[in-house]
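Quick heads-up: it's one chain on its own, the form predicted on its own, in structure tokens.
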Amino acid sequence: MPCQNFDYCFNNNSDELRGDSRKKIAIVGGGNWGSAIACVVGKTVKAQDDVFQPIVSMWCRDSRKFGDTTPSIAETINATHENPKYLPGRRIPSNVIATSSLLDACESAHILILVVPHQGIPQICSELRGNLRDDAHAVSLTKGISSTSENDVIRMQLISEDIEKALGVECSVLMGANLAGEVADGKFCEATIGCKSLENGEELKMLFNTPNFRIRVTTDYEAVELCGALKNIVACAAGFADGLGWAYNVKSAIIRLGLLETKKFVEHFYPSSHHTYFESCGVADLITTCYGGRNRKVAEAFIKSDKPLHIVEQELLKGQSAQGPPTAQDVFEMLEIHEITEKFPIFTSVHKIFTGEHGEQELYDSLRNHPEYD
């Protein structure tokens, strides 16, 4: 079916369903993970059509350069029900309608699923501000950290907090041990939803939960979100270990010590956290990412070559980026401000390897001389 027919259906669907009491869902992001979650949500809304509207809108950035007449990602998804650039070989349900217009996708949505790199959040929120339903709420699948300045004091801030302040909506988070390809293939996995409102959390559980995508809900949203962000730094350390040919024992130590640094980071910046490290967002996600994620893959290739990081990412990720390196930089800067870098040697060394300040020996020493052994 031609792409324009899907655009026609998408635009007319908004008019037909005005006044519908069922919840409309919008996915913001058409990359690897956004496409995978569309495979889940496209099916759950149809299975619960008494609660959710059957059409899911999905915003995909139009990254074509001027003069490029090839179909956009949104047009390709609507025509083929596949995202061959970021998630090839997996069928996206036909009730997921993609568009290159952010406002068209989101303005009448009750639930926004944000699945974009954290660097893109400010621009997206700027475009959406004032254009959402009053009763909308969001769930972020974005990994990373942020900061804010108050009275010349820089303090830690969550990406979900950025979203809430920018859009004026409550924002939950979903993190867990779930690689995009396996999720899209319907293989068993699990995830954790962190929320302020259990009412929103339970609604999100209805939206995401399937027999093969099991969801648990907690109000410990700070720890859930930070586990999702910080595990990417640890995965980079694991990738360095793989690239350097280090023993399995060393990689196991990286995972254990990396989890302890994650716990210490959460406790320092959010001392009221309830410690959800044994949920899927914690130790399970850390293990999965250290063995199968893109951050491990990029870090392994980076340490084995003399190529700049952006070239390695271009070659391996086809236009996407690993979130571990920028998160490591953000975390290092926050640790420096609070003068506690010595308590987080793995986080610090990962950042400095990407900047060329550290090498193999410094990373090895960060393990052997870790403060957890004192």
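Don't overthink the numbering: it's just position in the shown sequence, from 1. Just so it is clear, the structure is predicted and the values come from calculations on it, not from any experiment.
The form predicted in complex with another copy of the chain is left out here; the points below concern that form.
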Even though another copy of the chain is not shown here, does N249 get within 4.5 Å of it in the model of the complex, heavy atoms only? yes
Hey, in the model of the complex, does G130 get a heavy atom within 4.5 angstroms of another copy of the chain? no
Taking the shortest heavy atom distance, is L260 within 4.5 Å of another copy of the chain in the model of the complex? yes
Contact between R91 and another copy of the chain in the model of the complex at 4.5 Å, heavy atoms? no
From K187, H274, K165, R155: within 4.5 Å of another copy of the chain in the model of the complex by heavy atoms is K187
Note: exactly one of R256, K297, H81, K196 sits with a heavy atom within 4.5 Å of another copy of the chain in the model of the complex, namely R256
Let me test this: is every residue among L179, R214 and E279 within 4.5 Å of another copy of the chain in the model of the complex, going by heavy atom positions? yes
Out of the stretches listed (105-113, 135-143, 155-163, 179-187), which one is close to another copy of the chain in the model of the complex, meaning heavy atoms within 4.5 Å? 179-187
Out of 348-374, which residues reach within 4.5 Å of another copy of the chain in the model of the complex, heavy atoms considered? Y364, L367, R368, N369, E372, Y373
